[in-house]
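Shown next as structure tokens: one chain only, the form predicted on its own.
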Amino acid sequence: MTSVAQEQQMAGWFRLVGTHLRKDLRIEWRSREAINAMLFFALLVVVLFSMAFDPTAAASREIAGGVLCVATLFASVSALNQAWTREIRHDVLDALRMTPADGSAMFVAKVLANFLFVSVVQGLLAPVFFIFYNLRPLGDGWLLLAVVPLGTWALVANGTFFAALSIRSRNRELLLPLILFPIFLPALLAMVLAVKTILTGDGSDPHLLWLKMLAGYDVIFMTVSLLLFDTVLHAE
């Protein structure tokens, strides 16, 4: 009986995650606020850096990882702030605090939605990025399909949690970067060095080390965020 009850509880939790996720995707599909803002900012960063450095093919592989990661980082902050602002605007958070539903379901749904939004922007940005920087990976290019999502998940998981933590602050647009950037720094470093290693083809082992570091970072910080989110949600 206990096993059946646990299975029903897990099924209900996944249904709740799906409900929140569909709601967030529907809102973004109607407004396109987050994706448009991120895409414009990321394109601006990529184009400006390409004009400022005027990199050769060799130099571009050295700086491209940093440009890609920094563009994604700064472009994502606006979307992370908007995700929770919508909930406050319509008193959704106050309503959820009065229900017995597990707040972690909403957190996971927010992380998944933000991950999808950032991934869409990265997909649209990738052709422009490779053309402007004249890139052709000299290492295992397919590993970019693992490095970029792992780094993106680290960004949106931490960003979603800290955006919820700072949502009741009047200076939340300023507070989120101040909290997020230092915490995200190890993952940013691993992501930049992994992308650089793949693009330059300097050895085969270093990028695997950074991949393991990103995976461990994701597991640790996602677990901590899930454990603490209910406390953040019900905080006055």
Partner chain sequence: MKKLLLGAGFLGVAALMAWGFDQAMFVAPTEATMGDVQRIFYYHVPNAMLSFLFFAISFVASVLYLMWRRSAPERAQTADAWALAGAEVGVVFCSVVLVTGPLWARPVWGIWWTWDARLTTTLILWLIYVSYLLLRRFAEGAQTQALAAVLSIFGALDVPIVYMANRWWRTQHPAPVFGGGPDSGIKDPVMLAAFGWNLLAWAVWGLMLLGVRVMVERRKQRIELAASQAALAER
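Numbering follows the first chain given and starts at 1. Nothing here was measured: the structure is a model prediction, and the numbers come from that model.
Keep in mind that the form predicted together with its partner chain is not shown, yet the notes after this line are about it.
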| query | finding |
| --- | --- |
| 4.5 Å heavy atom contact, residue 220 to its partner chain in the model of the complex | yes |
| Residue 231, heavy atom within 4.5 angstroms of its partner chain in the model of the complex | yes |
| Residue contact check: residue 25 to its partner chain in the model of the complex, 4.5 Å heavy atom | no |
| Residue contact check: residue 168 to its partner chain in the model of the complex, 4.5 Å heavy atom | yes |
| Among the candidates 209, 59, 44, 51, the residue which, in the model of the complex, approaches its partner chain to within 4.5 Å (heavy atoms) | 209 |
| Single option in 179, 39, 70, 63 placed near its partner chain in the model of the complex, where near means a heavy atom within 4.5 Å | 179 |
| Triplet 74, 126 and 135 all within 4.5 Å of its partner chain in the model of the complex via a heavy atom | no |
| Stretch in contact, per heavy atom within 4.5 angstroms of its partner chain in the model of the complex, of 113-121, 140-148, 127-135, 156-164 | 156-164 |
